[in-house]
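Let's start with one chain on its own, the form predicted on its own, as structure tokens.
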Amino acid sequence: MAKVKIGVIGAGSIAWSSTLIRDISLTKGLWGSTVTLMDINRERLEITYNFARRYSSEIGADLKFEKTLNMLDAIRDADFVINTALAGGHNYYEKMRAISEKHGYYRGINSVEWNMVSDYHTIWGYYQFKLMREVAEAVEDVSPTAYLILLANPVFEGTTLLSRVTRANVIGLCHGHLGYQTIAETLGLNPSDVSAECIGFNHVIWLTKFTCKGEDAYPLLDEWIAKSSEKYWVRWRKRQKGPFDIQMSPAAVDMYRRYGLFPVGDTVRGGTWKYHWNLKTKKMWFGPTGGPDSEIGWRIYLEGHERQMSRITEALYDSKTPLSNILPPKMSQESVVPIIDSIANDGEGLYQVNILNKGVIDGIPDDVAVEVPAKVDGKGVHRVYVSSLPKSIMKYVLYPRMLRMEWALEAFLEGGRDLLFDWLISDPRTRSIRQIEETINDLLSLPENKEMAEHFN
């Protein structure tokens, strides 16, 4: 049983932090550890701190929780630092989305081919990248041997950036690969009998291996598409479980037909403008809500997020109701705590991670972060052999997405208005130079963007 210090940056989001606290509380290999919760919002931090103490006490977990408004206090002497923070919060980015749409950029200038995800902020993510780098540099300075686990989006850009400009031991994580379980269940397979390999970039991963009891399960998927998909979509359109219920959508199947492998998890939310021109188009491909990144689906997500936070907060102040009634004591499928446990207690496990490529996927530069399975133990993360990707995915998916990543990082690192102009001049929604200039001017004129404006002007 290892006693470690875990620093959590951005702990004020109780919706996410409650899951993290539950998993740590249920992991006996980490009992005796200290968890330092940090956020700049005192009120939200207090809620998370009180939740952590009460929940762990109810379960009987031997953990010490601390709270701080100071990032360095959370990072100093830490063995693991978890960054979940979103600089500015959702409301800030929704303001920029509204300005973009006023000028004709549906769902914002940040929405581009293979990155249509509403909270995956790249070209307008100046403050998010700045915060990510500040956290990583603090880890580098005061806890150089610590592992920095990046959960905050954009994981692809963030992991690449921090691995290039700092010496922090960065591991990017996302749960999107678990979409293979939905594929299995739709086909009538037991997910425990299924093995899957998903590789690519974060939010752009593809099912390179799909087996059930050791046998290739892709033929079962092909049979489902040929014989059952149309009937499934009729029922699905009437009873869609919510905006995120898109793993087996027409968009996913169309991508499979076009690129040769099935898209997994958040990959389905991406694609080209073929799936995203407007709400009508989104509804055709992603169901009645238009998927999680339409104006309907994203509103449902944000409102649901707030309701979840309110539900947990209300339960916290109801001393008669055990918190375990709200959040049952069962491990989530998030990999962050199991990875910490594997490293701290030297227990080998295979996990989906985002790390620099260094030869794992042929054709991708070594200094670009890829999402792949890797072995993790007391000595860290170890790359393993993975399948190759077809040329269609490399040429028409990964290379264009990688180029956008490089543009966004250059914009953050170098600054200058020309980089914003270049981003928009290649956008199919752009109709004129005036449209570009007015969009940039209005975005940079937001009071919140004073520093960002100086950077780009």
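From 1 onward, residues are counted along the sequence shown. Everything numeric here is computed off the predicted structure, so don't read it as measured data.
Separately, the form predicted in complex with another copy of the chain exists; it is not shown, and the next lines address it.
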Exercise. Would 258, 277 and 399 all count as contacting another copy of the chain in the predicted bound form, using a 4.5 Å heavy atom cut-off?
Worked result: yes
Exercise. Should residue 79 be classed as touching another copy of the chain in the predicted bound form when contacts are defined as heavy atoms within 4.5 Å?
Worked result: no
For this session: Consider residue 28 of the chain shown here, and say whether it contacts another copy of the chain in the predicted bound form, taking contact as heavy atoms within 4.5 Å.
Result: no
Exercise. So, in the predicted bound form, is residue 273 in contact with another copy of the chain at a 4.5 angstroms heavy atom limit?
Worked result: yes
Problem set entry | residue 414, heavy atom within 4.5 angstroms of another copy of the chain in the predicted bound form | yes
Problem set entry | Stretch in contact in the predicted bound form with another copy of the chain, which is absent here, among 189-197, 300-308, 277-285, 219-227 (heavy atoms within 4.5 Å) | 277-285
For this session: Go through 113, 140, 334, 341 and name the one with a heavy atom inside 4.5 Å of another copy of the chain in the predicted bound form.
Result: 113
Problem set entry | 66, 62, 418, 46 - the one with a heavy atom within 4.5 Å of another copy of the chain in the predicted bound form | 418
Problem set entry | Residues within 4.5 Å of another copy of the chain in the predicted bound form, restricted to 393-410 and counted by heavy atom | 395, 396, 399, 400, 403, 406, 407, 410
